[in-house]
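Quick heads-up: the structure tokens below are two forms of one chain, split into structure 1 and structure 2.
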Structure 1
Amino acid sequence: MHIPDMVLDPKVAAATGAIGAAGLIYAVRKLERQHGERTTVLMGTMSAFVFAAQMVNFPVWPGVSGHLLGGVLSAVLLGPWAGAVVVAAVLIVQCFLFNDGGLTALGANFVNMGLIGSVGGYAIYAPLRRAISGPKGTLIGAMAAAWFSVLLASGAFAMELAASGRRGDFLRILSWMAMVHSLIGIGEALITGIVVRYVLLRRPDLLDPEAGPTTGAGRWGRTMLGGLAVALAIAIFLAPFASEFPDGLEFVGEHLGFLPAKTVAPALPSPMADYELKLPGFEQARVATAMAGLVGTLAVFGLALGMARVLPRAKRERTTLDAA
């Protein structure tokens, strides 16, 4: 998921770099106001925690293992902006120490995984937690947020890649990205869910909705943001079907200025322009992408419900123990 150097166009790298830097400075300012001099210790140790947690390998298939990404987990445990700063710290160390992710793509990586992954993920988590009361809501919200945040990040990644190449290729890249990441997303949702459930069983006070970190946005603002994020994620899976109506997309593109106006036809008509979308297998990829989205969403909610069943019982045990 880490974008390496030279894959992005210089303009895209510069734009995402500027957005990323602005977002990071805003996040740090917000945290300083919230935690004061405690910010450094909390963020520093929590970034180290995500780094160490990534060392734990989960067996996926013989020979293949995956690990936690941690954007939504840190947002759920510490709040959205803290989650973003934790992701930024992890990305900076990965870039400078392990050469994982390019220097010129640092901004794009932070936008995808920090701002969209962590803050966007929290925007999905917060309304779900409110809608479903109790620890169940926390768990289901966290798992759904983890799943959608991976998808949203991959959608942003696809957009950046497409903006670096020819625009018409966007849907093909998006299909592939969404397919690969719908699998990664289920893994992330499962790991996030297991960890959140563990914390809910051991120290529910750390995840208490009442004592949770307060954000500036009001309840409705957050619900709106969450709805927007979910709509975007669904759009990622439905977007490949939008190519049925390419004129609509081109119309929007021309008006927003990211597609050249039709009158400026290329001097050399490229024979590949429309061919790419009609490659054999694309039709299947498109259907498979939408299916992956549907099945994945249902699977994540099913898993979350199953895992949440143990929670209320555990809580009652705890209270009776406390009473006794």
Structure 2
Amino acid sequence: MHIPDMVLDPKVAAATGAIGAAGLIYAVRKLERQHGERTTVLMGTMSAFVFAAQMVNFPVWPGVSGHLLGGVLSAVLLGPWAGAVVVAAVLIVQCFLFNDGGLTALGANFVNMGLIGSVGGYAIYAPLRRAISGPKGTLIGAMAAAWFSVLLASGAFAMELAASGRRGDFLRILSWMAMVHSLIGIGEALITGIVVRYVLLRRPDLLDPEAGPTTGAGRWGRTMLGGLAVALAIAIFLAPFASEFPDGLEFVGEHLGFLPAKTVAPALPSPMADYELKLPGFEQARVATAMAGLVGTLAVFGLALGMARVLPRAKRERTTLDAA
């Protein structure tokens, strides 16, 4: 559901960019309260996993595919604001390295998938988890919130497009986006449910965003390496075989005619456009995709890990200097 350049009006792009920047700053400040080995490890591994999983488009309809958004899944493990930072790290790498989501639409993409997807999704998950006690509540709440988060994000895009000069087509665009993304949301819910169920069985302590470092540093290191290995396996071995059908937004955009012509150059040239890194001797498409997945997964992992370690520490140092 990545919005490309030239779709939103410049004023809408600027407004959503300002909202997205403010939301990210607030999320980083909230992250300060969670700073610790647990948060650092999970932010790195979740960012890598979400990036890799988003490369694996799955068919949902003849000619239409979808992919994981990951906002709710990240929020269930890390809390809503840290989950939003995870999505931000993924979107930044996708935009700058792969031209997946336009530079001018980066703010809108974060609002839709990060703030609405993670923070809004968590607002649905939390009361369901409280209403249904035990692991069943966690699983049902996560799956329901995951489905709704996709629908809410698609609705937000329809509103942004309407504000960009297509008010007369708002209901038509909204109905198409809702219809297509209600199907994509089923895939989102299933993937989220599978991961949450696995964590419930193997590491239920990871599902408490307020938990401290209850395990030793060595075990957190193994958790990080294990999560990164899973993400790399998905990017290298599954992503090259992803569905080639357009995703939900692209399908609706082609059907209703609001996407820019493919001949229009993006605002930001990409070194690995279309998720392909073609090296001498490795020009074959699936190999190029696997290489791009490898580079992208490691880049997202490093960025998220750095954000989790550096930003809260920088804020604490500024606070100490101000107090002095």
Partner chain sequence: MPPDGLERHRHASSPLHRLDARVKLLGAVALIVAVLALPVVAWRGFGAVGLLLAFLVGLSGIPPRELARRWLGMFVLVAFLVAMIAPAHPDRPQYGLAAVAVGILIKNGLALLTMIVLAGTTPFARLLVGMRKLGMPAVLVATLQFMERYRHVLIDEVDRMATARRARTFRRGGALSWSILGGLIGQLFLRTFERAERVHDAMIARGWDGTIPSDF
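Please note that residue numbering is based on structure 1, beginning with 1 at the start of its sequence. If you superpose the two forms and keep the largest set of C-alpha atoms that fall within 1.5 Å, you have the rigid core. The structure displayed is predicted, hence computed values, not measured ones.
One of the two isolated chains is the form predicted alone, namely structure 2. In the core-superposed comparison between the two structures, residue 302 has its Cα shifted by at least 2 Å. The two forms, fitted on the rigid core, differ between the two structures by 2 Å or more at the CA of residue 53. Comparing the forms between the two structures, the C-alpha position of residue 42 differs by 2 angstroms or more, with the core used for superposition.
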